Structure formats: structure tokens, C-alpha cells
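This document opens with one chain alone, in C-alpha cells, the form predicted on its own.
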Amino acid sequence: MLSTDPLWYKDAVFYEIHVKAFADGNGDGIGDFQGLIGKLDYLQWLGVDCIWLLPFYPSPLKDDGYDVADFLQVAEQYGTMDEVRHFLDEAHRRGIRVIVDLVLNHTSDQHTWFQQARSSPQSPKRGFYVWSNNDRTYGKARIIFIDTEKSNWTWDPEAKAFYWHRFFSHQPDLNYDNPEVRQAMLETMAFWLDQGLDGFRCDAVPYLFEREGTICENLPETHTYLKEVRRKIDVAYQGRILLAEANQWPTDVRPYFGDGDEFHMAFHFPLMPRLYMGVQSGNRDPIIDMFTHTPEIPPNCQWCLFLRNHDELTLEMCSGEERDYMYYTYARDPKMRRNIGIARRLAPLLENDRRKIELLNSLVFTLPGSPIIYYGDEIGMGDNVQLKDRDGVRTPMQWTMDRNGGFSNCDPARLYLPVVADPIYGYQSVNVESQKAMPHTLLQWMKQMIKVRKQHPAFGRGTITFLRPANGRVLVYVRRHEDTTLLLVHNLAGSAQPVELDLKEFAGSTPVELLGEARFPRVTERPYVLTLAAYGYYWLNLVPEHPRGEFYGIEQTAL
């Protein structure tokens, strides 16, 4: 059953899926809703609370579905509307919610709106897009895809005018100054929420409006419209959420929460590369520094934390020096680079080092926010850097060691992309079936960590206080919520590290390790000493001493 808590998303573990990449139910080589329904038991077993689906709308697929040709239909290769409804019912029956990408900013140039708009200046849809007789308007706006686009304007010979686009030239921006556009997108949201969806991951929200003399990002008009969206959803669709994709500095993302009346959630993009920097350098400063630049958010709002997703590992919010460091460390081969980022999966980024994979996931599970797992990362799937664009991290899910990794029973040549088949990450050695059958695999570890995280609301709802022990290789923070205090200790170094902690504030309490329930020596006024293995970590519950000589939850015995 679904939780009735209106703040359910604060405790949730999200799981990102591309429908075409997860499971093929009809044998045509492309994942679909029929296949996805058949894998819901796996996601329930793993402990997933909410599925985030990438766009499944009709599309010419020049941008893997983010170039939407019809917001109100399901792409034929993925299934039917009835199958979507059945999928949503089956997910909800297992206590799993579902959100989907909604591309607010633009459409495909194949969308009927644009085809009508370009046909004539008198077309009723002409005002659905942004047109100009020159390519110099809004000249302060940056070009986002600098490796493919030379301008934010493209000449359309049929319309005999330039049209505006912040992303690819085949994705014309919608004109949100037009009230008909604003209403059309509200109706689009209502349509899908009526089908049973639990919310939207709203794509590219900083760019909805344009104003001369500005960089055309984060404009007040954007927030005015988004607050209207939130108001209408709150009135008619309680318990549904809006997740903002705003690849900006935290102070610029903060307004998208409003006063708790805009987005429920937003990705913390700049934190992600700093996690990799911290582990690579063995230095906690990049991580703590990012939190000093992260403002407080309203109590009903939440950050989303992630290590990887369907796009490149974006370095857009990094300085030139930080970007060079990340490229040198994680993507020396130019084939691994896309736009301003790195097109690799989590396991290859970390050289398949199980200790680093666990450590980084531990950080995402325990820092303030809700974690998002990218499909396949729970088993350590690899990538294929030889594929074009970002396809290298969008290969078929690896279920078994059978043909096509158990993703599809079709001829391998018909697969939408080849399954990873190299000696290290190939489906014969990296797959769900094998890892589920053995007790100490990465998949079993992920399942256990998800289970423990969900048992402690402090992870999703608690405050955070960073401790600063003398050893800078060890990252330590305290999470507090109601009467629970958790101590999280992470060794960012590749060698064993000692650390002395000032815990006298918690004197008398007994640290209980959450994963194995081992009890550590009682905290006193003296420095508390721990030793961590290379890339090791502790999740400790500081259980206060009961006045009768017992401490809460566990019978007191001599240590």
C-alpha cells in the first residue's frame, strides 16, 4: 500500500528507469511497459519507493525522447495507454509510486504545434514558439550544448524566421509569455495525473521565459508560473510531487522551492562532482564546502541526491580547475567526454572498486536529501564509450547470463543498443540473477542499505552538523531528528585512518552500528577514537543511557 504521509518523498528511495532499457516484453528488442510490469517484483524486493521514468512520449528520438512530438500519447514502441495504467496500478499495489519526465521548456520540431507554427505567420500556433527576424536577440544567454550548437537561434526556411532554442536546434522553445502555452502545459499535467501518475520530474525549468538584457535563466516570470502549477496540483491532486531539474548553483536553485509553494524537490547538481572529488583526493573539504554554499530550504522541501543518471556526469557547476581535475581523474580518454561532462557509469568511473562504490553510495544515502539510483548501478553495470552521444550509459539492463542479458529474447542484432559484453562488466558476469543468488554481492549490499535507511527517518528528515576532527581524510557528521541522533563517519582515503572525535555532548550514550547492531564503547567526556578501513564507513545510532542503567532499545550489558 502507498504511504498516506504527505511528506513521503522525504523518506523515499528513487529509482531511475528508461522504459526502453529495462525489460523487453514483446521481443522486439526495445524495452516496454509490458516488460516493466514483469520487473516490479524485483523493484519491490530491492526496496524502491518511487520510480522515475524518462520520457515515453512519441518522439523522433533525436534526443532520446526529450524531443517530444506529442505530450498526450505513449510511444508505440513502449506500449499503449492501457498498459501504462496497468503498470501504474501494479506499482501502486506494491507500494511504489511513479513520476515521469515532463519536458516543459521545448518540443520536437516534429510536434504538430511547431509544424503548424512554421506554416504561416497567421497560424494560431505561431505564438506557441519564440521567433525573431535576427539571431542577435537575447544575446546574453549562454549556449548550453557548446559541443553541438553555435547559437540559440536557428533559421527556419519554411517560416522564414529564426526560432529560439536553449538546447538542440531540433528542440524549439515554447513561448511561455503566451497564456495558451501555459494553459496547455497545465492540461498536460492534469491529463497524466488523471491516469494515476504521482508527479513529474520537470525538465529544464530555469529557461521557460526570455527577457532582453538578461541571461534568460531563473527569471521572476518563471517562478510566477511554477507557483501557479503547484497551486493547481495541490488543490486537485494531493500527495503528488514536482521535482525540479535546475542545473544551477544551490543559491540559484533555492528560489525553486519558494516558500514551500513551488517545487517539492530539486536535484543537488553541484554536490555530485564534489563527492567524486572528495573520494579521489581523500579530502573532505570539497564536500563540506558545498554544504556551506547550500542554503536552508523550507521544511516541506527536499534535495535529491545522485551519483549518476542518464546524462553525462555534468561538470557545468565546476570551476575550470575542478573540471580539469575531474577530466584528468575520471575521463582521460576523450571518448568518455560529452558536452561539459563525463559519459560513464558509476562502476567504471570508480575502476570497479567495490569499496569506493559502497562509500559513495553511503554518502548519498546518509547526507540530507532523498537518494536516486540509476538503473543497473545497483549491480555495478558497465558502459560502452564507443556508442554515440550518451547512449553508452543507456544500454540494456542485465538480468541474467542468458542471451541479451535476459533483457530480450530477440535476435541480438535487433536490440535498440548492444548489451554490454566486455570481460569485466559483461552480462555473463554482472547480472541481477547471479547477484541475487549470493549473499555478499553489491546488489545484496544495496538492498540492505536501502532497508536500513528506511528504518531511520533521520536520514531523510534530520538536521546535519559536520564535525571537524584533525584528520581531514575522515568526513564526520551528525544527523538529528526528534529523539534520534545518528553519527556518520566516512574514510575518504585509500588507507586505514584513525580519527578522534569530540563527542562529549553525547556523553553516556552508546553507539550502536546500524548495519550489524554491534555496540561500541560508551561515549565519555574524553575524545572518542575510531579506526576505519580504507574507504570504510560507520552508521552509528547514539543511543542515550536510560536512567535505570539501560539504554533505549537494547538491554545494557558490559562492554
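All residue numbers are counted from 1 along the displayed sequence. Please read these numbers as outputs of a predicted model, since none were measured by experiment.
Omitted from view is the form predicted in complex with a small molecule, to which the following refers.
- Segments offered: 72-80, 129-137, 460-468, 165-173. Contacting the small molecule in the predicted bound form at heavy atom distances within 4.5 Å is 165-173.
- Contact check for residue 422: no non-hydrogen atom falls within 4.5 Å of the small molecule in the predicted bound form.
- By the criterion of a heavy atom within 4.5 Å, residue 311 is counted among the residues contacting the small molecule in the predicted bound form.
- None of the heavy atoms of residue 249 is located within 4.5 Å of the small molecule in the predicted bound form.
- Using a 4.5 angstroms threshold between heavy atoms, residue 414 stays clear of the small molecule in the predicted bound form.
- Residue 145 is the only one of 237, 291, 303, 145 with a heavy atom lying within 4.5 Å of the small molecule in the predicted bound form.
- None of 94, 390, 182, 403 but one reaches within 4.5 angstroms of the small molecule in the predicted bound form through a heavy atom, and that residue is 390.
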